[in-house]
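What follows is one chain in C-alpha coordinates, specifically the form predicted on its own.
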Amino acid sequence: MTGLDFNHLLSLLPALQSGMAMTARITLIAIVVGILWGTLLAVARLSPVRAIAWLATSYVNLFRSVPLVMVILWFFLIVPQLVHALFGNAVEDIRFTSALVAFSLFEAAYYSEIMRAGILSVPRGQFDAGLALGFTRRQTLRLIILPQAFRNMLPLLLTQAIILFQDTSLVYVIGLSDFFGTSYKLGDRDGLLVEMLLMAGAVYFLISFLASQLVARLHKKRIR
(Lines give C-alpha, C1' and ligand atoms only; values in the text may rest on other atoms or scores of the structure.)
Protein backbone atom coordinates (compact mmCIF):
# COMPACT_ATOMS: atom_id res chain seq x y z
CA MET A 1 0.00 0.00 0.00
CA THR A 2 1.44 3.36 -0.99
CA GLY A 3 -1.13 5.49 0.83
CA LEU A 4 -3.79 7.75 -0.60
CA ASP A 5 -2.33 11.24 -0.80
CA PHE A 6 -4.57 14.29 -0.94
CA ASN A 7 -3.55 15.34 -4.46
CA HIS A 8 -4.37 11.90 -5.83
CA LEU A 9 -7.74 11.93 -4.08
CA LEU A 10 -8.57 15.30 -5.64
CA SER A 11 -7.96 13.86 -9.09
CA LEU A 12 -10.49 11.11 -8.34
CA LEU A 13 -13.21 13.44 -7.04
CA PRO A 14 -15.08 13.90 -10.38
CA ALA A 15 -15.49 10.14 -10.77
CA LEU A 16 -16.46 9.73 -7.11
CA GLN A 17 -19.00 12.53 -7.40
CA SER A 18 -20.50 10.84 -10.45
CA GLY A 19 -20.74 7.60 -8.47
CA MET A 20 -22.41 9.36 -5.54
CA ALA A 21 -24.88 10.98 -7.95
CA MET A 22 -25.78 7.52 -9.22
CA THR A 23 -26.27 6.30 -5.63
CA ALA A 24 -28.45 9.31 -4.83
CA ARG A 25 -30.61 8.80 -7.93
CA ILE A 26 -31.26 5.16 -7.13
CA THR A 27 -31.96 5.97 -3.47
CA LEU A 28 -34.37 8.85 -4.08
CA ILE A 29 -36.34 7.20 -6.88
CA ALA A 30 -36.59 3.91 -4.97
CA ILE A 31 -37.82 5.77 -1.87
CA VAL A 32 -40.60 7.54 -3.77
CA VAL A 33 -41.71 4.51 -5.76
CA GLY A 34 -41.27 2.20 -2.76
CA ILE A 35 -43.43 4.35 -0.49
CA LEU A 36 -46.16 4.80 -3.10
CA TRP A 37 -46.28 1.12 -4.05
CA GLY A 38 -45.81 0.08 -0.43
CA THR A 39 -48.77 2.20 0.65
CA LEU A 40 -50.97 0.54 -1.97
CA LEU A 41 -49.77 -2.86 -0.76
CA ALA A 42 -50.53 -1.91 2.84
CA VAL A 43 -54.07 -0.88 1.92
CA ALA A 44 -54.48 -4.08 -0.10
CA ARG A 45 -53.33 -6.20 2.85
CA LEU A 46 -56.06 -4.63 4.97
CA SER A 47 -58.70 -5.10 2.27
CA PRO A 48 -61.86 -7.00 3.26
CA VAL A 49 -61.56 -8.82 -0.08
CA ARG A 50 -59.60 -11.95 0.79
CA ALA A 51 -58.12 -12.48 -2.67
CA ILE A 52 -56.63 -8.97 -2.75
CA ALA A 53 -55.31 -9.28 0.80
CA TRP A 54 -53.79 -12.68 0.01
CA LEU A 55 -52.03 -11.42 -3.13
CA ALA A 56 -50.56 -8.41 -1.31
CA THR A 57 -49.46 -10.56 1.62
CA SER A 58 -47.82 -13.08 -0.70
CA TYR A 59 -45.93 -10.28 -2.47
CA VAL A 60 -44.64 -8.86 0.80
CA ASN A 61 -43.66 -12.25 2.20
CA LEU A 62 -41.85 -13.18 -1.02
CA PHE A 63 -39.65 -10.10 -1.18
CA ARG A 64 -39.00 -10.09 2.57
CA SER A 65 -37.82 -13.71 2.38
CA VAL A 66 -35.30 -13.29 -0.45
CA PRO A 67 -31.84 -11.61 -0.19
CA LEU A 68 -31.70 -8.24 -1.92
CA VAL A 69 -28.63 -9.17 -3.96
CA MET A 70 -30.58 -12.08 -5.44
CA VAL A 71 -33.48 -9.78 -6.35
CA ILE A 72 -31.04 -7.42 -8.08
CA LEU A 73 -29.63 -10.30 -10.13
CA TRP A 74 -33.14 -11.58 -10.95
CA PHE A 75 -34.22 -8.26 -12.36
CA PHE A 76 -30.92 -7.74 -14.14
CA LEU A 77 -31.70 -10.92 -16.06
CA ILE A 78 -35.43 -10.28 -16.52
CA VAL A 79 -35.81 -6.51 -17.06
CA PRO A 80 -33.62 -6.24 -20.20
CA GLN A 81 -35.77 -8.80 -21.98
CA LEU A 82 -39.01 -7.07 -20.96
CA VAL A 83 -37.69 -3.62 -21.87
CA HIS A 84 -36.44 -4.83 -25.23
CA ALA A 85 -39.79 -6.47 -25.98
CA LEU A 86 -41.76 -3.34 -24.99
CA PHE A 87 -39.49 -0.46 -26.02
CA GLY A 88 -36.84 -1.95 -28.30
CA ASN A 89 -33.52 -0.19 -27.72
CA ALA A 90 -35.10 3.02 -26.40
CA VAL A 91 -33.66 2.50 -22.90
CA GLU A 92 -29.93 3.17 -22.93
CA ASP A 93 -28.75 2.28 -19.41
CA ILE A 94 -30.42 -1.07 -18.84
CA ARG A 95 -28.39 -1.79 -15.70
CA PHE A 96 -29.63 1.41 -14.06
CA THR A 97 -33.22 0.58 -15.04
CA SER A 98 -32.85 -2.96 -13.70
CA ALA A 99 -31.48 -1.67 -10.40
CA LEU A 100 -34.31 0.84 -10.04
CA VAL A 101 -36.97 -1.80 -10.64
CA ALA A 102 -35.32 -4.21 -8.20
CA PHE A 103 -34.88 -1.67 -5.41
CA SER A 104 -38.32 -0.11 -5.85
CA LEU A 105 -40.18 -3.42 -5.74
CA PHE A 106 -38.02 -4.83 -2.95
CA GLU A 107 -38.26 -1.77 -0.72
CA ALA A 108 -42.02 -1.54 -1.29
CA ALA A 109 -42.41 -4.76 0.71
CA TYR A 110 -40.70 -3.15 3.72
CA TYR A 111 -42.46 0.19 3.34
CA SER A 112 -45.72 -1.75 3.13
CA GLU A 113 -45.22 -3.19 6.61
CA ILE A 114 -44.36 0.25 7.99
CA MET A 115 -47.42 1.84 6.41
CA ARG A 116 -49.69 -1.01 7.52
CA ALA A 117 -48.55 -0.43 11.09
CA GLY A 118 -49.19 3.28 10.60
CA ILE A 119 -52.72 2.70 9.33
CA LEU A 120 -53.47 0.36 12.23
CA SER A 121 -52.11 2.94 14.67
CA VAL A 122 -54.91 5.37 13.72
CA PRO A 123 -57.91 4.82 16.02
CA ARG A 124 -60.85 3.06 14.38
CA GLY A 125 -63.03 5.96 15.47
CA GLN A 126 -61.29 8.18 12.89
CA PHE A 127 -62.49 5.93 10.10
CA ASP A 128 -66.01 5.76 11.49
CA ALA A 129 -66.07 9.55 11.87
CA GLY A 130 -65.12 9.96 8.22
CA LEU A 131 -67.96 7.70 7.12
CA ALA A 132 -70.35 9.54 9.41
CA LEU A 133 -69.39 12.82 7.71
CA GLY A 134 -70.44 11.39 4.36
CA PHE A 135 -67.02 10.44 2.99
CA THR A 136 -66.65 7.22 1.05
CA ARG A 137 -64.25 4.55 2.33
CA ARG A 138 -61.66 5.63 -0.25
CA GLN A 139 -62.00 9.31 0.65
CA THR A 140 -61.77 8.53 4.36
CA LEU A 141 -58.62 6.51 3.80
CA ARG A 142 -57.00 9.11 1.54
CA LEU A 143 -57.96 12.27 3.43
CA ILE A 144 -58.06 11.16 7.06
CA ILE A 145 -56.29 7.86 7.72
CA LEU A 146 -53.23 7.95 5.43
CA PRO A 147 -52.06 11.48 6.42
CA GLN A 148 -52.09 10.43 10.08
CA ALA A 149 -50.38 7.13 9.26
CA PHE A 150 -47.59 8.97 7.42
CA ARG A 151 -47.03 11.30 10.36
CA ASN A 152 -46.99 8.42 12.83
CA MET A 153 -44.54 6.38 10.78
CA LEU A 154 -42.28 9.16 9.47
CA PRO A 155 -39.26 8.25 11.64
CA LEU A 156 -39.50 4.61 10.53
CA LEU A 157 -39.92 5.61 6.89
CA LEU A 158 -36.77 7.74 7.11
CA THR A 159 -34.87 4.97 8.89
CA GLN A 160 -35.76 2.58 6.08
CA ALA A 161 -34.52 5.22 3.62
CA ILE A 162 -31.12 5.16 5.37
CA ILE A 163 -31.01 1.38 5.08
CA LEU A 164 -31.90 1.71 1.39
CA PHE A 165 -29.03 4.17 0.88
CA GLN A 166 -26.60 1.67 2.39
CA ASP A 167 -28.03 -1.22 0.37
CA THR A 168 -27.47 0.58 -2.94
CA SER A 169 -23.82 -0.51 -2.70
CA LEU A 170 -25.03 -3.97 -3.78
CA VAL A 171 -25.49 -2.78 -7.37
CA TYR A 172 -21.79 -3.51 -7.89
CA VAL A 173 -22.87 -7.11 -8.62
CA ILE A 174 -24.32 -5.95 -11.96
CA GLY A 175 -21.39 -3.65 -12.74
CA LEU A 176 -23.22 -0.37 -12.08
CA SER A 177 -20.89 2.49 -11.17
CA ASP A 178 -22.43 3.80 -7.98
CA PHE A 179 -20.27 5.34 -5.26
CA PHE A 180 -19.06 2.00 -3.89
CA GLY A 181 -18.54 0.49 -7.34
CA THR A 182 -16.60 3.54 -8.51
CA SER A 183 -14.43 3.52 -5.38
CA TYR A 184 -13.68 -0.17 -5.89
CA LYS A 185 -12.79 0.24 -9.57
CA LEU A 186 -10.56 3.25 -8.95
CA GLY A 187 -8.81 1.54 -6.04
CA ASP A 188 -8.26 -1.61 -8.07
CA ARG A 189 -6.94 0.40 -11.01
CA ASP A 190 -4.51 2.50 -8.96
CA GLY A 191 -3.37 -0.19 -6.53
CA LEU A 192 -5.12 1.58 -3.64
CA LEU A 193 -8.01 -0.80 -3.08
CA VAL A 194 -7.80 -0.91 0.72
CA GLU A 195 -7.51 2.87 1.05
CA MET A 196 -10.39 3.55 -1.35
CA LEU A 197 -12.67 1.04 0.35
CA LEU A 198 -11.85 2.52 3.75
CA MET A 199 -12.62 5.98 2.38
CA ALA A 200 -15.91 4.76 0.87
CA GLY A 201 -16.87 3.12 4.15
CA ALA A 202 -16.15 6.36 6.01
CA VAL A 203 -18.38 8.32 3.60
CA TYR A 204 -21.24 5.85 3.97
CA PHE A 205 -20.85 5.94 7.75
CA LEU A 206 -20.80 9.75 7.92
CA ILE A 207 -23.88 10.20 5.74
CA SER A 208 -25.81 7.43 7.51
CA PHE A 209 -24.80 8.67 10.97
CA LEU A 210 -25.84 12.26 10.27
CA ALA A 211 -29.13 11.12 8.75
CA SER A 212 -29.84 8.85 11.72
CA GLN A 213 -29.20 11.74 14.10
CA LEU A 214 -31.75 13.83 12.21
CA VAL A 215 -34.26 10.99 12.46
CA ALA A 216 -33.61 10.68 16.20
CA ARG A 217 -34.21 14.41 16.65
CA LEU A 218 -37.42 14.22 14.68
CA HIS A 219 -38.59 11.28 16.78
CA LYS A 220 -37.84 13.13 20.03
CA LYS A 221 -39.83 16.15 18.86
CA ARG A 222 -42.79 13.95 18.03
CA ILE A 223 -42.94 12.21 21.42
CA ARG A 224 -42.66 15.42 23.47
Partner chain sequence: MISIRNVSKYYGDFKVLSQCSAEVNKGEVVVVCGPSGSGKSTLIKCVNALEPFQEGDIVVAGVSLHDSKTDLTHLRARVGMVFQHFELFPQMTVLDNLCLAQVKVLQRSRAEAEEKGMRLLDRVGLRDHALKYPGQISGGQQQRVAISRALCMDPICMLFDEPTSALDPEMINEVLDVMVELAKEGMTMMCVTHEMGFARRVADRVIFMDQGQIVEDRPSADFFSAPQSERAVQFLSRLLSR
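Positions refer to the first chain, counted from 1. Fair warning: this is a prediction, and the values are worked out from it, not measured in the lab.
The following text describes the form predicted in complex with the partner chain, which does not appear among the structures shown.
With the partner omitted here, the residue from 77, 120, 143, 82 that has a non-hydrogen atom within 4.5 angstroms of the partner chain in the model of the complex is 143. The partner chain in the model of the complex comes within 4.5 Å of a heavy atom belonging to residue 148. By the criterion of a heavy atom within 4.5 Å, residue 93 is excluded from the residues contacting the partner chain in the model of the complex.
The closest non-hydrogen atom of residue 135 lies within 4.5 Å of the partner chain in the model of the complex.
Heavy atoms within 4.5 Å of the partner chain in the model of the complex map, among the stretches 109-117, 68-76, 122-130, 96-104, onto 122-130 alone.
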